[in-house]
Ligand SMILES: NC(=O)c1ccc[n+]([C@@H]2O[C@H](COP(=O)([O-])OP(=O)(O)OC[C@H]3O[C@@H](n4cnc5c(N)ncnc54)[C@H](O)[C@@H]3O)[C@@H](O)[C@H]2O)c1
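Take a look at this single chain, the form predicted on its own, given in structure tokens.
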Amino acid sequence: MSRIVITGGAGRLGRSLVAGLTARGHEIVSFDLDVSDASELEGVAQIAIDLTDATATADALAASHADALIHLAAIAVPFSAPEDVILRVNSGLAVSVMGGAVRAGIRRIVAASSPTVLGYGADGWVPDRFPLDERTPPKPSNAYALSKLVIEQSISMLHRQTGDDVRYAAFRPCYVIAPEEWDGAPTQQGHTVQERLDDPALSAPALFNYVDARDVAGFADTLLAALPHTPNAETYFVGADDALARQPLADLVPQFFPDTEDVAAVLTGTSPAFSNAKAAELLGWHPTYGWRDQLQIARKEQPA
């Protein structure tokens, strides 16, 4: 069992990580701007804190007596604030929180990045190959994506400072679907999962990627256990084994991303555009939730 600080623990993904890691026997401390009454946080220690205050953050991390940190706190949606604000806040949080964790003596530090670092929202974007993976060159095309790349680079910077005395990792979760969203609750962009399947244009901006939030919790648990024994300061894609699409991606991707016919041709059926093979190879992690099973379960549980 570990004592884990989760920043942004009251957010969409944060609540699922708190619930999933608590169920696996870990002791969780949630750091967020406000204390939440969400059911997933019942019985969890919550600290209301402005994480942009580096001194207060370092003091709170030291007082937490945690042995691991998962940093999620950020402005979580591209273009939801002015570009300069997103870059300043998210980048500043990375240095404040992870630097504070190092000073507090926390020896396992994990931070959430994003697949958007690859720049697939930009006009004229054509990757060198599919599926996309950790070797695909980052080409961020907005401040949110750039701030997530800064998070990854901050991990590299801290690793250079501390060496292997501290173990680090970044992960890029695909489009997160919380458990209640299979039942029809709106996703982060305001559409239901069913609507994203019925209209491919809704899922196309995310390249049809997704991951169940419970799988992210399972990944985090696996990663924290593996950190002392795996290569340090690695980055991992965390996604489902299929795409959030009914049609083959070899047909869908070129419809929304011109000039990608040749590189998309290798995508067979609804195999995803993003590979989770590195997490499988280095960590032994595999996702367990898929949209077909989850929607079928949701339909069966609906009242007649």
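All figures in this text were calculated on a predicted structure; none of them were measured in a lab. Quick note: we count residues from 1 along the sequence shown, nothing fancier.
One more form of this protein, predicted in complex with the ligand, exists but is not displayed; see below.
Checklist entry - Going by a heavy atom distance of 4.5 Å, is residue 12 a contact of the ligand in the predicted complex? => result The answer is yes: residue 12 has a heavy atom within 4.5 Å of the ligand.
Item to check | Non-hydrogen atom contact residue 255 with the ligand in the predicted complex at 4.5 angstroms | outcome: Residue 255 lies outside the contact set for the ligand.
Checklist entry - Going by a heavy atom distance of 4.5 Å, is residue 200 a contact of the ligand in the predicted complex? => result Residue 200: no, not in contact with the ligand in the predicted complex.
Item to check | Close approach of residue 38 to the ligand in the predicted complex, 4.5 Å, heavy atom | outcome: So residue 38 does not count as contacting the ligand.
Next on the checklist: Between 222, 162, 188, 232, only one gets a heavy atom within 4.5 angstroms of the ligand in the predicted complex; which residue is that?
Outcome noted: Among 222, 162, 188, 232, a heavy atom within 4.5 Å of the ligand in the predicted complex occurs only for 188.
Item to check | Contacting member of 127, 115, 140, 99, with respect to the ligand in the predicted complex [4.5 Å, heavy atom] | outcome: After the contact test, the surviving option is 115.
Checklist entry - So in the predicted complex, are 193, 249 and 298 all sitting within 4.5 Å of the ligand, heavy atoms only? => result No, none of the three is in contact.
Checklist entry - For the chain shown here without its partner, which stretch in 166 to 174, 101 to 109, 223 to 231, 153 to 161 has non-hydrogen atoms within 4.5 angstroms of the ligand in the predicted complex? => result Residues of 166 to 174 come within 4.5 Å of the partner.
Checklist entry - If we check the ligand in the predicted complex, which of the residues in 49 to 71 reach within 4.5 angstroms of it by a non-hydrogen atom? => result Those in contact are 49, 50, 51, 52.
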